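Only one chain is shown below, in structure tokens, and it's the form predicted on its own.
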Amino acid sequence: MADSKPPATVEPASETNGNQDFVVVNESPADNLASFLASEITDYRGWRLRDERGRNTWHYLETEEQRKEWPQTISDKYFLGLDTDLPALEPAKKPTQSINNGLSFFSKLQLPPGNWACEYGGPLFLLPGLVITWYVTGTPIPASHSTEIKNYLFARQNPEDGGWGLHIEAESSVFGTAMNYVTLRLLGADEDDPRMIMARATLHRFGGAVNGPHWAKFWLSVLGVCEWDAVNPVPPELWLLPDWTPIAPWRWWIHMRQVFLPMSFVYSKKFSAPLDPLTRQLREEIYTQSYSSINFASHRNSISEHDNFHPKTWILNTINWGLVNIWNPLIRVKSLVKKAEDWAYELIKMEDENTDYANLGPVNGPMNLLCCYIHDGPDSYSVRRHRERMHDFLWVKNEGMLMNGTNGVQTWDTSFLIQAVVDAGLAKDPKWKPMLEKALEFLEDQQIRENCPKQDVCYRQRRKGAWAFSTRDQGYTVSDCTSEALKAVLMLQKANGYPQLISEQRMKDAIDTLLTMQNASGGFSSYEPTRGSEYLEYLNAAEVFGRIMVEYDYPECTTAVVTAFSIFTNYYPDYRRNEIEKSKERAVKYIRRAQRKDGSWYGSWGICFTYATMFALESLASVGENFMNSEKVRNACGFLLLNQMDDGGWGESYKSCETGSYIPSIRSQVVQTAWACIALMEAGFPEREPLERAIRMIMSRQQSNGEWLQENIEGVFNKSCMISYPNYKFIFPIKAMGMFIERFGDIEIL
């Protein structure tokens, strides 16, 4: 049996660097204990990022000879927080100078295939799933990775109470604290480290790991430090339901169903790793009473108030009671279990093969690895390939090693950068043309050219002609990623005479796919049209996320499609003309309908009202609605101007996403200020003064080498979890200043 494999051991560190400048540790009452603060670190001069057609993986070189053969690049140094040695530039007084300074810096970060990459971190529940999977499957953990994962988690520890939250700016929770505490212990952190003592105290104050949400109890049971009796049912039999059933999993949002799928297989197997001395000890560390005295079955529904963002409904609790007390012991016969497990694993195999084991994301990736380990054995090809692919999610920065929210943002950020440079009027500038040509080459390489095999069987959306969020290997159609990439291609190839790398037919393929993705409401979702009722949220078992069960209409995605259609029809006016016009008309009606009373729109992928309002006003502008002729546009401008800060900027807290009401941040933010400027200029807002103040604020925060520094987190998903988009601080200021120049001229501002 696969579960007889001994747990992984962490290799001893072979090289460290005593330069404490690289150690990032939050200040806490324990900081006076220097013996624990002298943490192991790697020599950051040894890290290299490899980009193979958009696949980004970090590698640690041990010897000076290796490092000379593969020198560090400027982008490596930037990501690692090392000195890039880039010179100071002439201070910008006009927006054009600021744009050129920004591009001078950002162009140095373009990788050889033509794309940009970056940290895509923020969530703090991703690394634990990976490390637990590594541990229970006997996957060797490189010393460099172990060291830097520990450093990152300590760097992101809450300095007030020693805990961790759902994401890097969140308050401490049981989910974050229990899972990251366990992760650190698996990687060798000492239980007597003062930082671990603080974390343990906070976990105990919250009632211990029995008060963790469903996903925490699942992973702890896999590790063997929780009993499966504490985990609410995840029956694979649901995958045997007929497709017409309203609750059939194929109707769920893609991330929910691709997590539930391997989770149900593991739950059905009741897989737990064999105990070893460390996991025996962990059993006594993460609870407030001895492990043997805990009635785990009584804690299936126990959850801390710090985690219970979306409480389970009485309907779900009733279903869970029936599954535990009636279905499992009395009805669930072995033949049915085998049939359900076999079909679930067949669907897992299709997911693996359709993505070359890259998988949809960093939650189902480790889970699929675990399923392959259980089903195929530790030496199987599926396990070996999964182990290789796990590195696609890892990222190294000056704080240590984190796990990205997908295998990157390559296509998304590259598409937006192209558009920003075009909007700045620099597409034909000889200085920036080689950069844009490389970016176009990347988009050409990353367009998905074929549909999935057995597309209907594995419930996949059409993808021929689409672009994914990250890479072609990952291979999931996303409506706004396809739209923004198509817009970027059209801007270069059609509007600015760049090489015709992507044929007319391939652009039409993209349009064909987009036309399959509209909802009955007129809006567009992300990965596929809405397949199930919003009432499925009554079955949301995740507890820590909202709006997770089905696809929804999003102003951001809808705008991306509407504007892509508009640009496409400028050059191909006869292709599916009636269908495109009808689709646009319905989409814009949705945009108008989704506006809130205060003039804003709620954003689901960026923070929050500022982000969505920018997109919505772009939609309305594309059909001729502006400040002069539309009350809706004027109301939106009023909302934005009401929230402009004294320094001319805008700043919105991530709390807006959670509460559904606009909450300002303490300080204005460069990215959100750029979003607000773009929104006002898309709207045709006639006054220069508030826009000039905002542009002045953006320019004033630009550094002497052309970069902008990272500020607050920019992105969000499922209402409660924030995620970073570090390249936004380059892309959107460039776009905003370009639009300002077009409207008001290249005036002296600083």
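Numbers for residues come from their place in the sequence shown, where the first is 1. Predicted model, so just to flag it, every value in this text is computed and none were measured.
The discussion below concerns the form predicted in complex with a small molecule, not included here.
Remark: of stretches 524-532, 132-140, 433-441, 386-394, the one touching the small molecule in the predicted complex is 524-532 (heavy atom within 4.5 Å). At least one heavy atom of C557 is located within 4.5 Å of the small molecule in the predicted complex. None of the heavy atoms of Y602 is located within 4.5 Å of the small molecule in the predicted complex.
Contact check for I41: no non-hydrogen atom falls within 4.5 Å of the small molecule in the predicted complex.
Of the heavy atoms in V478, some are within 4.5 Å of the small molecule in the predicted complex. Between the options T406, N101, N232, T84, the residue in contact with the small molecule in the predicted complex by a heavy atom within 4.5 angstroms is T406. Of the residues given (F627, F271, Y345, W215), W215 alone sits with a heavy atom within 4.5 Å of the small molecule in the predicted complex. In the predicted complex, every residue of the candidate spot (W253, V259 and W412) has a heavy atom lying within 4.5 Å of the small molecule.
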